[in-house]
Ligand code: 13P
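Form predicted on its own, single chain, as structure tokens, below.
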Amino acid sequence: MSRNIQKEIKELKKRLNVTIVAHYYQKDEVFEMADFSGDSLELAKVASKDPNPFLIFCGVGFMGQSVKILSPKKRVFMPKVACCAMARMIDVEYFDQNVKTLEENGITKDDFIPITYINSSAEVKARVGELGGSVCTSSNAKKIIEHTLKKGKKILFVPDHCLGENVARDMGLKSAIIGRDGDIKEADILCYNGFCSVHQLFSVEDIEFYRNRYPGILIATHPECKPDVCAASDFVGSTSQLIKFIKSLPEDQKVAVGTEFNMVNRLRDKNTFILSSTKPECPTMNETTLQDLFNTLKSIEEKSYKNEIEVDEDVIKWAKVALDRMMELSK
């Protein structure tokens, strides 16, 4: 059955001039159908410049929105408009509540510049753009933060406090989580209290287990992991950086990786372990199926256009400002 539907998908996308892109966390069966695969930044760049009139993005909602923001005239579809759990932790109302909390503690809008992780809605990106801020990804967060700090202001970092704290530690800066931990008046990076539920699964105990069992093993983790896990790791990097690091290792070098299951599972055939006793599989990334992909292609063929991504023009205007700032700084 899967072979038949795969064949039909390939025929449809060729006949309809459709490009399919897939995030690394997608299921293998969907991942294998993609013309391009990558992390959030890679796919945003590739997809926004792709010449085909139709693009199908296999991922979660904010990713499809990002492509639409960067290329408003492109018709963008998603087989399943799944929502990233982290992105759902913040909306414009919560963003404004945190700004109010800062103001109540003597930190005005003139005292900080916001940066939003790309794992956020178009509306949050727009608010950040309006306030003079930028988007970042896990691969360029340090670079974006370094540039922003040159303006002599604090940074309001949303929504992932782990990424914000880990970058702060790496740069020798002070961080605080608004309404939870640390002194926001003393902190350089003010973190919103959001997180990735998948990357919260990894623990220092997991690291100790693997180091005791396999002396000499390396630990590589994603910066969405908890700060104590990243501090105990041998390498911390984004999805694309993890892939590059692990592929550079000698074949006999054992490595335990703290990130999403599907990506780790296809990295290397030998000596690569998942840093958890629990399967770290992103539930929303794994909602997309081959049938969903086929149905979306058929809807393009039939001109019923299922799951087309639309973003309000005013939201596009300001969200694009924030994304363009990131793109410029990522060159």
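All residue numbers are counted from 1 along the displayed sequence. All of these numbers come straight from a predicted model, not from anything done at the bench.
Separately, the form predicted in complex with this ligand exists; it is not shown, and the next lines address it.
- Although the partner is absent here, residue 23 is a contact residue: one of its heavy atoms lies within 4.5 angstroms of this ligand in the model of the complex.
- Proximity of residue 40 to this ligand in the model of the complex falls within the 4.5 Å heavy atom cutoff.
- Contact between residue 222 and this ligand in the model of the complex is found at the 4.5 Å heavy atom cutoff.
- Not displayed here, this ligand is approached by residue 117 to within 4.5 Å at the level of heavy atoms in the model of the complex.
- Across the options 233-241, 90-98, 207-215, 147-155, residues that bring heavy atoms within 4.5 Å of this ligand in the model of the complex belong to 233-241.
- Contact annotation: of the candidates 138, 121, 166, 134, the single residue with a non-hydrogen atom within 4.5 angstroms of this ligand in the model of the complex is 138.
- Residues are counted as partner-facing when one of their heavy atoms sits within 4.5 Å of this ligand in the model of the complex; in 189-203 only 199 qualifies.
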